[in-house]
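So this first bit is one chain, no partners, the form predicted alone, shown in structure tokens.
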């Protein structure tokens, strides 16, 4: 029935708008105003159906999840929620949970993708965690987004929702003194339904596998370095989201093919509604108004950073596992050299590396912004 309805609406749109044939290289700004309006309406129509397809995928994949412990009846109105997909993260989880609890997360909704390191037991014992498990493919679920979308649709509606991986630590201006409730109140006051953040890859000085890390320790004590420059920022015309590349992974692993370097822009915090869906990781959402986390008029909008702790000592063993599983990139074979390099425990530090001292340092470097928040 849905497919038939989509076909009928497609025919209606064709009759209203006519056939639109433009080369992909043509941007809306190059078109005369009438043609631009037609093309924009056509794009909006296609994106609307893309969003509905993503929601339908999530609905179909709901049966892949098995509830281990469901404490969602404790979620109160106005609670700030965190949605996380993990696999074998027992080392990172103690600090991840503690940090985001301190920021003000009220409840964590977690999908465990077949962990065998005790992560599931650790999570099930947390009173503010609801936990589901699945043995289905991570890549086949759009890298966990199908599972997350289903949970967000069911439990996130009307809440500010934070979506992160276990190796990501959110920071923002004043985060030491102002919790997420203060941040979201400011976003509400500014009429902003979403919050942007740049992923900052953190790394040690010396070979990756030579460091020592204790569960529960602040990982930035072990990974205090980052690249402060070499970032490239574009605006993607279709979804109107920022596209940021660069940092240590671009410098060290993708210097010859920088376009293949990982994407660093994130929209991790959103006032959720049932019809929302992430398109690829937390880089972009639909409807695309949620991607407007920057000021196109030349001003600044409040933004934060996601400190990426991938390069803890466990990355060496995880690189071998990820290369074998082929679950972390759309075309994982293209990243075999990347995994092999990580497995060799490289030293990522260079003379241009910057030592992290706090959010004010990142603001001075232009990597995050208070955006008028005093």
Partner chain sequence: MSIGFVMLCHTALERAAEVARHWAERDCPVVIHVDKRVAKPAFDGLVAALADLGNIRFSGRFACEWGTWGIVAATQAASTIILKDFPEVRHVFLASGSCLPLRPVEDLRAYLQTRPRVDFIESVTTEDVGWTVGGLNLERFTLRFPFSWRKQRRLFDGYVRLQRRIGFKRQIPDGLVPHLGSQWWCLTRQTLSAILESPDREAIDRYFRRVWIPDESYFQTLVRQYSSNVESRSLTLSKFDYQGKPHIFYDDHLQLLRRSDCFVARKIWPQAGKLYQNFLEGGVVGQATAEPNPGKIDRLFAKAVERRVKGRPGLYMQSRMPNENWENGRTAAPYSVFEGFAEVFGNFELWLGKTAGTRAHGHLFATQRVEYAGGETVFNGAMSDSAAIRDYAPKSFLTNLIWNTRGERQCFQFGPGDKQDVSWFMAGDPNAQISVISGAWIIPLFQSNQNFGDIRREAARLQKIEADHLGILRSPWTKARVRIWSLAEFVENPMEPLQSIIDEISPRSMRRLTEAPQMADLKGFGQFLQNLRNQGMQPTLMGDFPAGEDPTPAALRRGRPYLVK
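Residue numbers count along the first chain shown, from 1. All figures in this text were calculated on a predicted structure; none of them were measured in a lab.
Note that the form predicted in complex with its partner chain isn't included here; everything after this is about it.
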**Item:** Output flag, 256, 365 and 369 jointly within 4.5 Å of its partner chain in the predicted complex, heavy atom basis
**Value:** yes
**Request:** Could you spot which one of 113, 90, 228, 194 gets a heavy atom to within 4.5 Å of its partner chain in the predicted complex?
**Result:** 228
**Request:** Have a look at 151, 286, 198, 81 for me and say which one sits with a heavy atom within 4.5 Å of its partner chain in the predicted complex.
**Result:** 198
**Message:** Although the partner isn't part of this model, could you tell me whether residue 217 comes within 4.5 Å of its partner chain in the predicted complex, counting any heavy atom of the residue?
**Reply:** no
**Request:** Could you confirm whether residue 232 comes within 4.5 Å of its partner chain in the predicted complex, counting heavy atoms only?
**Result:** yes
**Request:** Examine residue 251 and determine whether its closest non-hydrogen atom to its partner chain in the predicted complex is within 4.5 angstroms.
**Result:** yes
**Asked** Taking 4.5 angstroms as the cut-off for heavy atoms, does residue 295 touch its partner chain in the predicted complex?
**Response** yes
**Prompt:** Quick one: which of 152 to 160, 299 to 307, 93 to 101, 127 to 135 gets within 4.5 Å of its partner chain in the predicted complex, going by heavy atoms?
**Reply:** 299 to 307
**Prompt:** Along 165 to 201, which positions have a non-hydrogen atom within 4.5 Å of its partner chain in the predicted complex?
**Reply:** 174, 177, 178, 179, 181, 182, 185, 186, 189, 190, 196, 197, 198
